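Taking the form predicted alone, here's one chain by itself in structure tokens.
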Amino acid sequence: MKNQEEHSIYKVSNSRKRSKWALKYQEQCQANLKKVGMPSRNAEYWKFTSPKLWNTTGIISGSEKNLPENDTQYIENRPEFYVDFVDGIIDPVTLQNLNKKLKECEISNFEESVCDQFHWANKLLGEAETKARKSYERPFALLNGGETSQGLFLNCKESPRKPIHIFYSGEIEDKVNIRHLLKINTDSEFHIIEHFSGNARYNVVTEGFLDPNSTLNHNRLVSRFARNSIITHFFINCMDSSVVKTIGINLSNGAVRNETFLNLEGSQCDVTLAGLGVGCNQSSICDNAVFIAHLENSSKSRQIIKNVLTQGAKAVFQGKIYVDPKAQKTDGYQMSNGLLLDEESDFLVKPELEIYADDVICSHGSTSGSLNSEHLFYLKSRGISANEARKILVEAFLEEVVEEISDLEFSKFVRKEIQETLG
């Protein structure tokens, strides 16, 4: 793995002049951010947690004693297809190796792509992010667009045989802006898995464009080795009969916010969003803001959120299903559950339905509570210790989300990480 100095040299040597389309988008982001400003607690979608948590630098305060000593073992385990971002800088060796192996996709790094006047991304960069702003302002996405110089542009022309993994790691405690752009062609299926660890304060934007009858599987694991605040944006545009499944796993002691906007422009789309969070102290915040827009007929959406909270941890879920007048026969489902293991933790929920069609099936629900005493008693009566019994019940509570992961190897890894976090 390259060290930080080598990566810095790589970044400087590739700082060429950006093309007109890339400069235009960057300038638009800067102008829009200046106009709307950074969010405050007065903003509707920021009233539960302070945006300052994602706008400062430094390791998580007050929780160092609960952080793992190092993530060496975690970041050294590598699958067949992967690319590294070390201290926010893409590792050129892993990118080159991925390009050699992955013949089904056209892959380039952000900085090289935006210097190409005729790159395929010139009509797509910023399009999904701009549509996401119609639901509410996304200042951190604008901040990313005005500063980004790292990321992946990936055009999936055929279905790769295995998932592509992206590993974020490193030692710097500064902010890191990363921008990914995905294009999934007709009849293609693509699976991407993100792994977050290290000390950086990440601001990651992923824009995706799905052609008709295409599939995108996306998994995000914020591991127990992530030592700083993280904000992610997942903005996806779906055409006819496309399928999206995005699953987020948060095991960090820090503040993590995930903003998701799924724009179902086509008919008969099928999207699933699932997420789980394990919070073990006061600095742990798992904040999910979801907006799913049904714009055409006969599409389905599912949202499943689960959080386990203890020692003053907090989880937030703000989920909205929007149904356009043209989107008849929409099927929308939303469920959020919080498992509170003490009196100090908080699970804050704001579910929303905004429906303008009359032939739809839409529902939402939310529950919060503690472990079932009868279940605990049953396990203990079978000779299982109280601590082990609680752990078994917590893992069972989270299993519904883990089961949504389609890659069996990764789901096995996630179960192991959950056990380590709880243990």
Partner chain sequence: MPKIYTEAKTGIDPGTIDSVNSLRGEYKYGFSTKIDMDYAPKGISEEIVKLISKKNLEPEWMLTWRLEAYRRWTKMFEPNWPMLKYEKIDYQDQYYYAKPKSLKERPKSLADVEPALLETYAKLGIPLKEQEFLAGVVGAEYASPDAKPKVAVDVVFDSVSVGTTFKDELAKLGIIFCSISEAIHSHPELVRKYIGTVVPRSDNYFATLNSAVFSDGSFVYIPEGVKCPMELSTYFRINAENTGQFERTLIIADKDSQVSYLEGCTAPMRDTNQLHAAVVELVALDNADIKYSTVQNWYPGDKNGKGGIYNFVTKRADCRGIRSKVMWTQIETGSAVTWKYPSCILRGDYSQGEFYSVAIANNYQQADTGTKMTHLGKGTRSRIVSKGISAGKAQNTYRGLVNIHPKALGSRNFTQCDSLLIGNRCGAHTVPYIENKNSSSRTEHEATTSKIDEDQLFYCLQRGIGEEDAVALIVNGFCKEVLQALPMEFALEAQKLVAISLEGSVG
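Please read these numbers as outputs of a predicted model, since none were measured by experiment. Numbering follows the first chain given and starts at 1.
Below: the form predicted together with its partner chain, not depicted.
Open item on the list: At 4.5 Å between heavy atoms, is K391 in contact with its partner chain in the predicted bound form?
Closed with: No, no contact at 4.5 Å.
Open item on the list: So in the predicted bound form, is its partner chain close enough to S345 to count as touching (4.5 Å, heavy atoms)?
Closed with: S345 belongs to the contact set for its partner chain.
- [ ] Report yes if any heavy atom of A386 sits within 4.5 Å of a heavy atom of its partner chain in the predicted bound form; otherwise report no.
- [x] It does not: once its partner chain is placed as it appears in the predicted bound form, A386 has no heavy atom within 4.5 Å of it.
Task: its partner chain contact in the predicted bound form: F48, any heavy atom under 4.5 Å - done: Yes.
TODO: Find the only residue in T56, Q30, S40, S363 having a heavy atom within 4.5 Å of its partner chain in the predicted bound form.
DONE: By the 4.5 Å heavy-atom cutoff, the listed residue in contact is S363.
Task: Answer option from L102, I304, L340, A289, heavy atom within 4.5 Å of its partner chain in the predicted bound form - done: In short, L340.
- [ ] From the candidate stretches 355-363, 393-401, 374-382, 32-40, select the single one in contact with its partner chain in the predicted bound form, where contact means a heavy atom within 4.5 Å.
- [x] Among the candidates, contact is made by 355-363.
Task: Within 4.5 Å of its partner chain in the predicted bound form: residues from 274-310 (heavy atom criterion) - done: Heavy-atom contacts to its partner chain in the predicted bound form: nothing from 274-310.
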